[in-house]
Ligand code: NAD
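Next comes just one chain, in structure tokens: the form predicted on its own.
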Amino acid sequence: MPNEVVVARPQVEVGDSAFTIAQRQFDMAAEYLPQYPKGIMAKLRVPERELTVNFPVRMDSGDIQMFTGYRVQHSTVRGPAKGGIRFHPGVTLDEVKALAMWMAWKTAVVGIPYGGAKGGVICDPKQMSIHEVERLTRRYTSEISIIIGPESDIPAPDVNTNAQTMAWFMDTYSMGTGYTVPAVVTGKPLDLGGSVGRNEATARGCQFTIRRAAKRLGLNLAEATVAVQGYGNAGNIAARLLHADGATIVAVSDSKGGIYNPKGFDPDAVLRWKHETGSVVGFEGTDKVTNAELLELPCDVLVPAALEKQLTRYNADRVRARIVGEAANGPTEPEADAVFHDKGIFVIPDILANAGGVTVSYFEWVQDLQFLFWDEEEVNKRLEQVMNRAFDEVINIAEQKKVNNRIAAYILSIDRVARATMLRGIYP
């Protein structure tokens, strides 16, 4: 039927929701911050704003399809809201709220002057043409433009979005202002005000924290084995960076499955294979494993770089890694954290491990506002300083309070946001 309106509906998730997990993590850390009034902590437990938009997009066929999108701002008390945009069929408001909350703690734990936000559209861009994705991006940008801006809320790439997506975002927003506003988004192409080092920043920040953790544990990375779940931007770059450190990459996976070889393989060759075939599966000299099986393989370092809720109460006791470096957001349930702590597995929590992306996004924003750009050596040097300082601050709290690393990271970040809230006061 021509011009039929089709509605993309959110998927229903079972079990503990991502936002429920985020609030439980908050509650566990809040117990160690009794100095703040209950009302202040109640404010920090929920988002400041939740925007839902339903909008039409004309598809290549001429049909009009309806899409639902979200933008959630959890906190703006320490500065503009900051957070990525994901295009995925499984996007829900609950998930976006959780991701926005985690972003608020992530920016605080590394000490950059941002709040936390997140956005998403329920769609499957893998089933859409590039022109359909562009039209969807531009319409979604127009719909949420009432709350985004270089001084209010600054989007960035996330799942299934990239530098090109951010170029469309920036252009659409700029058409509304009448002049170019490069600082409205980060993760842009270099030709439009992007920063060198941004594409690798999430993985590089994870690399820096894994190095720090390995040093604490007396683990020589040049002799370590690494498994990476998720071979998107963060996962494949993390694998390549750790391989450059001398580590042996023994397993990687994507949405179609995983590969394993205990003797290791070249992650660059695997990436080329994925580009040629659409998946890492079938790479020469490897055995096929599932994403679930990959998490339980023997390795020194496990890097979950896929989606939320991968390490749970049901598989935590079978994880054999010494270090878990969370390149993904929310991959570990609280019950799994307790198991890892008891087993002596060193977890680098997501709000610390993958904060390199938002840190270099901050660098990009600063450079855009100043119209003054740094070289990649300067960017990476500043990033390493930020990540190492944040790592040491988190571990010091963990040792002082005798808590696991995630609770320590939350104590640090929530304390910073709560203190800023108290200093600003409640208006009016």
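Bear in mind the structure is a predicted one, so any value in this text is a computation, not a measurement. Residue indices: 1-based, along the sequence shown.
The protein also exists as the form predicted together with nicotinamide-adenine-dinucleotide (NAD); that form is not presented, and the subsequent description refers to it.
With the partner omitted here, the residue from S255, N315, S152, S129 that has a non-hydrogen atom within 4.5 angstroms of nicotinamide-adenine-dinucleotide (NAD) in the model of the complex is S255.
Only one of the listed residues (R204, R78, R198, R71) places a non-hydrogen atom within 4.5 angstroms of nicotinamide-adenine-dinucleotide (NAD) in the model of the complex, and that residue is R198. Residues placing heavy atoms within 4.5 Å of nicotinamide-adenine-dinucleotide (NAD) in the model of the complex fall in a single listed stretch, namely 324 to 332, out of 324 to 332, 178 to 186, 89 to 97, 341 to 349. Contact check for N291: a non-hydrogen atom falls within 4.5 Å of nicotinamide-adenine-dinucleotide (NAD) in the model of the complex. Residue contact with nicotinamide-adenine-dinucleotide (NAD) in the model of the complex: G230 places a heavy atom within 4.5 Å of it. nicotinamide-adenine-dinucleotide (NAD) in the model of the complex is approached by D158, whose closest heavy atom lies within 4.5 angstroms of it.
Proximity of N354 to nicotinamide-adenine-dinucleotide (NAD) in the model of the complex falls within the 4.5 Å heavy atom cutoff. Along 100 to 132, one residue reaches a heavy atom to within 4.5 Å of nicotinamide-adenine-dinucleotide (NAD) in the model of the complex: K106.
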